[in-house]
Ligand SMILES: NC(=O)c1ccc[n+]([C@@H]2O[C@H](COP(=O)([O-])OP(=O)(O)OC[C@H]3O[C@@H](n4cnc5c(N)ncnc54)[C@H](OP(=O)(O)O)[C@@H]3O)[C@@H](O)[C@H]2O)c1
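A lone chain, given as structure tokens: the form predicted alone.
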Amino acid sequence: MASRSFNRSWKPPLVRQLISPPVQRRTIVGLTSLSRTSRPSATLYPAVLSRQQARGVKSIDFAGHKETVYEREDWPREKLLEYFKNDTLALIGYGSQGHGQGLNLRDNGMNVIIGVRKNGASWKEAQQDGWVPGTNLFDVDEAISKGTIVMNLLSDAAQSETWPAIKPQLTKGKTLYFSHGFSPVFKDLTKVDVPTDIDVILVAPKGSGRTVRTLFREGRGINSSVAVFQDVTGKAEEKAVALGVAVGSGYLYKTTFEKEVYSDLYGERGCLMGGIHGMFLAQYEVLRERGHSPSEAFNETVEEATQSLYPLIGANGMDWMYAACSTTARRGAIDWSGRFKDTLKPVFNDLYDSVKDGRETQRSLDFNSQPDYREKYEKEMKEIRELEIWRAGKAVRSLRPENQ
């Protein structure tokens, strides 16, 4: 039977990403000393230069490039309930994204059910979150059979492994939803060849599922990408946008499955995670080798970046952050940024090539499909936790007022 086939091929996902601690926005030297006339204004550099609205679609000018953007306000809760009144949203997998999107859908009043391996770890976690077996919590096959919209939020490796059991259940009239273009874009490697008679759509939140949930509960909403891989009904894009709002998006930016997965894999390995960790380690190690203490090296490398400067960049941009710093810091940063860019750009080009030609996909599938991948992953995490920089960081964080 299909359920036995699915259960044989399914592996529980990696441990969910933890909720990031709240950012403590410290006042930095130079910020409070700015005069009213010299202090940068958030309104001086608006992201939106021009806007036109027609039937809920916005044409936004991003630095001279017009793009289509959708807003949460276009889909109030009453409109969502009416639009999906005849649908059952079968959300498969309860990892980071499944948890966040599922709870948001439930809070929005959608008819959403969860499909996971019965009595597995995710099943128990879903029960703890209030999902009820037989009511809105089912085995994967039963959930798919009940769903009109199947939201495949299993890990990338699990999607590949379970596809032979899932595909036959995606019958005509259903809609297949992804939050990552990985599986269908790299189908030669993943073997995820979608049926040709169903809509296939994507909503990719720009953050972990925990962030999706946190921003939703704060009444805000995360930025998300939205794309259509296959439009059979002629309503795939509208459906994707509506689902994007239902899962907790504030703004949705149009893209394609290919561009989403290329940029996502590239960004995670670059500035978002891999590249930034590499730069942290390089700067910290040089400071330590030149005689600086662990606390000084950590504070100058990580603490000031994450607690002071990065929040300023996120709030108003790099120029605003420069203006909030001393003239000496500003001059040095401007002078050295070009050298870092010239040095790192060839590395980033190599990275993009590795993403586009499938090498990164193959490596992910090879590693995450191994029976002992959890043990190997935990060994890598243990090595990171035991690095001096992060042991020093733990001590520094313990001194923050909110941790006293």
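What you see is a predicted model, and the numbers here were worked out from it, not measured in a lab. A residue's number is simply how far along the shown sequence it sits, counting from 1.
Heads up, the form predicted together with the ligand isn't pictured, but that's what we're talking about next.
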**Placed ligand check: the ligand in the predicted complex, overlay by site C-alphas, backbone/C-beta within 2.4 Å** = blocked
**the ligand contact in the predicted complex: G98, any heavy atom under 4.5 Å** = yes
**Item:** Proximity of G275 to the ligand in the predicted complex, heavy atoms at 4.5 Å
**Value:** no
**is_contact(L252, the ligand) in the predicted complex, heavy atom dist at most 4.5 Å** = no
**Asked** Quick one: is G102 in contact with the ligand in the predicted complex, heavy atoms, 4.5 Å cut-off?
**Response** no
**Message:** Would all three of F257, S354 and G358 be in contact with the ligand in the predicted complex, where contact means some heavy atom lies within 4.5 Å?
**Reply:** no
**Fill in**
The one option of G147, G221, P205, P184 with any heavy atom within 4.5 Å of the ligand in the predicted complex is P205
**Asked** Pick from S225, T301, T175, Q159: which has a non-hydrogen atom within 4.5 Å of the ligand in the predicted complex?
**Response** Q159
**Message:** Only one of 117-125, 186-194, 304-312, 289-297 has heavy atoms within 4.5 Å of the ligand in the predicted complex; I'd like to know which.
**Reply:** 117-125
**Message:** Residue by residue through 169-195, which ones have a non-hydrogen atom no more than 4.5 angstroms from the ligand in the predicted complex?
**Reply:** S179, H180
